[in-house]
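What follows is one chain in structure tokens, specifically the form predicted on its own.
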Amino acid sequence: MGSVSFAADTKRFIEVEAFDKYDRTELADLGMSIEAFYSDSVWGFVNEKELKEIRKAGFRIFGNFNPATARGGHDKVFGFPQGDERFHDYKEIGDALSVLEKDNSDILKIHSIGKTHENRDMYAIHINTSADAMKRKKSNKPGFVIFGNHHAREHLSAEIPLMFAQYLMANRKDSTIKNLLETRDIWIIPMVNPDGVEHDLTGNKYKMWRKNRRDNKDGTFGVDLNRNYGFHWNEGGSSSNTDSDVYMGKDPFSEPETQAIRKFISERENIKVLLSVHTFSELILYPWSYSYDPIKNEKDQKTFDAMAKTMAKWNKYTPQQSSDLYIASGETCDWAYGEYGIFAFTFELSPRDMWDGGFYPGAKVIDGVFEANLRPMLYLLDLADDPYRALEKKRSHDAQSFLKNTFYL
């Protein structure tokens, strides 16, 4: 990317006393974009209005830093490393996808699933060994989809899905990968929010930008795409304040990006497993996000729990229901599972917290994060035929030896 500094704006990065999910939810309801949490506090971004509301609500504020300078004793926290050119901006994503398609044109095609506010294509990788499915863009094979970069500043969340596609193609002759490619319908959408990504990189300075680039016609820009989905929209953990990082939009599915995702999913009943990649915190999250209650379907609840715990053995992340952090409504995975019964997970990638690099950890982490999450992604792809197999003590598969040594511990 080549962006090595941070552009100041009106946001503050603050530490607030918070002891549990209820405190964290109240802060989210006040518009705070929570980015890291500890046993007695959270860190996150607020604007000046939200900061006043948090104070008014009686919360103790431990730190109130200007992210442009990281003042307050945390020098260089936001000083981003040289060498970030390995990350992909929008054009570079398109170029990388073109190479993939050229080298694997028999089973991989690049499509646009829609246009953004600024008229950029939302690129999608489609991998399927059936020529008919490639023509129709639909398949009867079990479907699996990965989304990256819902949030603009989470650049690593685009790299991991892209690298997964590259890995599958580089290893397509391996017997196990070949079997998965022949029996699955695979979609990878590495950059859901290209407008926001490009804005975050404008002027060779990171802007810590999260939302898309809707002009809200009041001097503010952007909607949080991961608060804009229609399932239990506006039921907590989002904001009606247009300047908030968690602004949910005027209506559910008000944004062309979320409309494109809705159309894409609704037209593909074969999709059974979904992964939404975010950064950061090293978490594996699953529904519900809008409610503290567990999923009523006990078998589904056990399946989510089993899948998350299995994957956590490999990437060492913390598996939990999303709302154990705080309530957040209008979220991707709640919608996918609530509306379509898709087993949907969010990975909050490394690093663990802001002080280890946060949204901008540098290119040095890319390979390690991919390696940590390769098994989990292959596991999800494998279970796309029947997620309930996660509950079986013994799992059958054509490539049993590979599964024993690589997928399952």
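Nothing here was measured: the structure is a model prediction, and the numbers come from that model. The first residue of the sequence shown is number 1, and the count goes up from there.
This next part talks about the form predicted together with N~2~-sulfamoyl-L-arginine, which is not shown.
- Of the candidate stretches 166 to 174, 149 to 157, 129 to 137, 301 to 309, only 149 to 157 contains residues with a heavy atom within 4.5 Å of N~2~-sulfamoyl-L-arginine in the model of the complex.
- Not one of I14, S41 and M354 is positioned with any heavy atom within 4.5 Å of N~2~-sulfamoyl-L-arginine in the model of the complex.
- With the partner omitted from this view, the residue of K207, H88, H278, K141 that lies near N~2~-sulfamoyl-L-arginine in the model of the complex is H278 [heavy atom within 4.5 Å].
- Only one of the listed residues (A328, V145, I125, A336) places a non-hydrogen atom within 4.5 angstroms of N~2~-sulfamoyl-L-arginine in the model of the complex, and that residue is A328.
- Among heavy atoms of N228, none comes within 4.5 Å of N~2~-sulfamoyl-L-arginine in the model of the complex.
- N~2~-sulfamoyl-L-arginine is not drawn, but in the model of the complex it has a heavy atom within 4.5 Å of S322.
- With a 4.5 Å cutoff on heavy atoms, S289 counts as touching N~2~-sulfamoyl-L-arginine in the model of the complex.
- Within 4.5 Å of some heavy atom of N~2~-sulfamoyl-L-arginine in the model of the complex lies at least one heavy atom of L285.
- Residues of 18 to 37 that come within 4.5 Å of N~2~-sulfamoyl-L-arginine in the model of the complex, judged by any heavy atom, are I34, E35 in sequence order.
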